[in-house]
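For reference, the chain that follows is the form predicted alone, supplied as structure tokens.
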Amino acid sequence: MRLAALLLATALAVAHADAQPLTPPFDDTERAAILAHGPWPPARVNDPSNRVSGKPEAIALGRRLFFDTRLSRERNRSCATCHDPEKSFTDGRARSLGRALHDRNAIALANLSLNRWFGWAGASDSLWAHSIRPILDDKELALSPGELHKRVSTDRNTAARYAKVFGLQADADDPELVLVNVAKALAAFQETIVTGRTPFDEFRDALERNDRPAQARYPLAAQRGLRLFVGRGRCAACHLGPNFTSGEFEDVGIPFFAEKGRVDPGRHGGIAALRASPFNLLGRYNDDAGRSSALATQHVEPLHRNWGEFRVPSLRNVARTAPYMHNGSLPTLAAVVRHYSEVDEERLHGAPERRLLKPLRLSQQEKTDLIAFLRTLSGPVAAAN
């Protein structure tokens, strides 16, 4: 009995020691930087370029299509094959496997309505345009517009839903318009995939209202990691705001050879693909009559420095979406933290005066603390049912 009591007292003491306010406490600069990562969740905003964004009938059709294997040539794959809800809408692979092996990792689908650009290289400027690419891509679903038109218009249930959402019979629309409308329904569903509140969000809000008991429930290791994240680590320079991302693209020293002798151009190729696409926001399928949604597309130009740049991903749910980087080359959070601790500046090809990235030279304790913080950014994922 005495031994049991002693063990219980020790466990409680350890737990109490790990749930204390940081000493010294966060200063005003740190506090402002932390508060800038909220509040969460943000208010929902519909996509002006997609006239069915936010409409329940479109969301229901999009959800049905997301899991429908008839969107693939062989009728054996769907969007959910690489974006599995059980895996936080990713596939857990280093490089996705469709009809062939891809060069890149499947980005987890969440909080997509906050994005300006889509994909690892930003080759799309709307979620609906980005949803077209895997349908047509020979490595993924590989379905032609003509065959998609046939499958949608000849399935009574899908055709009826399509007519209800878009006001026209699918068999009366031309194949390219059906392709675009299917993608807009898919986008309406994907916009509903959102991450919930996390332990960090609870701490951030407690800090804002000066609720010290609530702050003390946030693990001390995570508090130390958070201080490093917004301070010496400079992580918040790219992973900023409530969604923990700038939404832009950076070279972080990850090799960009897809295989021996073949380069993945990253953002440079993404901009070229975006400007050449008939589905970009400058085109005729943008439902935003004022075209204000197309301003960024109108002015984006490929620059030499864009070679080797890839998306700065959101860190929300980062602990659940391994492996990491555009090619899945870092298998764990520990590997990611080690990479930034030891990053080789010789691999960074951008102009030195523009670089944000420097090797952090973290101690083992700092690495452990930073990982502890990153793990507090995960929460439940919800989508329209």
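Here the structure is a predicted model, which means the values were calculated and not measured. Note that residue numbering begins at 1 and tracks the sequence as displayed.
Absent from the display: the form predicted together with a small molecule. The rest refers to it.
- Here the chain stands by itself, but in the model of the complex one stretch of 73-81, 279-287, 293-301, 148-156, 73-81, has heavy atoms within 4.5 Å of the small molecule.
- In the model of the complex, every residue of the candidate spot (A106, I135 and V312) has a heavy atom lying within 4.5 Å of the small molecule.
- Of the heavy atoms in F26, none are within 4.5 Å of the small molecule in the model of the complex.
- Remark: A188 does not count among the residues lining the small molecule in the model of the complex, judged by a heavy atom distance of 4.5 Å or less.
- Among residues of the shown chain, L374 is one whose heavy atoms approach the small molecule to within 4.5 Å in the model of the complex.
- In the model of the complex, at least one heavy atom of G98 sits within 4.5 Å of a heavy atom of the small molecule.
- Only one of the listed residues (L207, I271, V180, V252) places a non-hydrogen atom within 4.5 angstroms of the small molecule in the model of the complex, and that residue is V252.
- Of the listed positions (V194, A222, C238, V165), a single one reaches within 4.5 angstroms of the small molecule by any non-hydrogen atom in the model of the complex, namely C238.
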